[in-house]
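One chain follows as structure tokens, the form predicted alone.
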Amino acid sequence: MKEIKKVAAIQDLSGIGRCSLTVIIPVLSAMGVQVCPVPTAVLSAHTGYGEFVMHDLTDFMMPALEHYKKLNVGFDCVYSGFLASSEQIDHCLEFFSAFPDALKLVDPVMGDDGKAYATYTPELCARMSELVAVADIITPNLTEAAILLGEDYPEGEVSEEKMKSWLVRLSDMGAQKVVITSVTLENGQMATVGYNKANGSFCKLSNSLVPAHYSGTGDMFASVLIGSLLNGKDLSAAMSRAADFTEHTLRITYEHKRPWTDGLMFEGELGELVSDNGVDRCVRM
């Protein structure tokens, strides 16, 4: 039996609306990876509902880390996502420092559709670059990439050359691998684009357009990406598997006409992740 990889997932737990830990735990478990949750906050429903009850768990994070050190626990990956306060940036940095051999993935959850989320203060957005600086891989959507770079959100189509420039500039902030999701390239092509600084390669993955947006889509993509990388896939193959499964569950959800706040209907599709039959569809940019 192969060794079970362990991921410390520094994320929120929302009771209603599939996102963050309620996506990450089942998805990575289906891929044979153990998730060790480090909840940053507990919410009655995710923030997209407008009204929600939230309990900040900043005070939990450092005692949890100290306990893991005492237990001599090791992690193969430390994965940060939604953060409830600027102070939690410091605690994430402590987690990354405590496990230097772990893959460090930062999903800089800050906004979508050209706007920052209501809970993300200017200070929190500004400090996200500190996590990016120590990450091995980051997975911003186009909005978050613009925030990190201090650029205006590009309305409409974006050229491949501009995306290459953004990928390199984001990598220069620290991460060796960068993946930007939700990009509309020239000719209206929906795409995910990636860059591997180690070999200077760029790749893109065309996505079929589904005219809908659902909560937790980025969490789904990043989780499958992590599972694929930990199971030995290279970046382009991991991107392909993550994009294909996310698109598959997105299309099913759209066909069932579910509200966007419900998130992706993935529960009946987890068997697709148990097998390792993904096809690398990425092409060079």
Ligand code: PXL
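If you're wondering where the values come from, they're calculated on a predicted model, not measured in any experiment. From 1 onward, residues are counted along the sequence shown.
Unshown form predicted together with the ligand; subsequent notes refer to it.
Inset, instruction - Tell me whether D12, C19 and H46, taken together, all sit within 4.5 Å of the ligand in the predicted bound form, counting heavy atoms only. - result: Every residue of the candidate spot has a heavy atom within 4.5 Å of the ligand in the predicted bound form.
Legend entry - Which of 211-219, 129-137, 176-184, 92-100 lines the interface with the ligand in the predicted bound form (heavy atom within 4.5 Å): Within 4.5 Å of the partner lies stretch 211-219.
Inset, instruction - Examine F202 and determine whether its closest non-hydrogen atom to the ligand in the predicted bound form is within 4.5 angstroms. - result: Contact with the ligand, no.
Inset, instruction - Using a 4.5 Å heavy atom cut-off, state whether L105 contacts the ligand in the predicted bound form. - result: Flag for L105 set to no.
Legend entry - Heavy atom of V78 within 4.5 Å of the ligand in the predicted bound form: No, V78 sits far enough from the ligand in the predicted bound form that none of its heavy atoms falls within 4.5 Å.
Inset, instruction - May I ask you to state whether L167 is within 4.5 Å of the ligand in the predicted bound form, using heavy atom distances? - result: No, no contact at 4.5 Å.
Inset, instruction - State the residue from L148, M163, L142, V109 whose non-hydrogen atoms include one within 4.5 Å of the ligand in the predicted bound form. - result: For this set of options, the contacting one is V109.
Inset, instruction - Note that the ligand is not shown here; using its position in the predicted bound form, name the residues of 257-281 with a heavy atom within 4.5 Å of it, in sequence order. - result: Contacts from 257-281: none.
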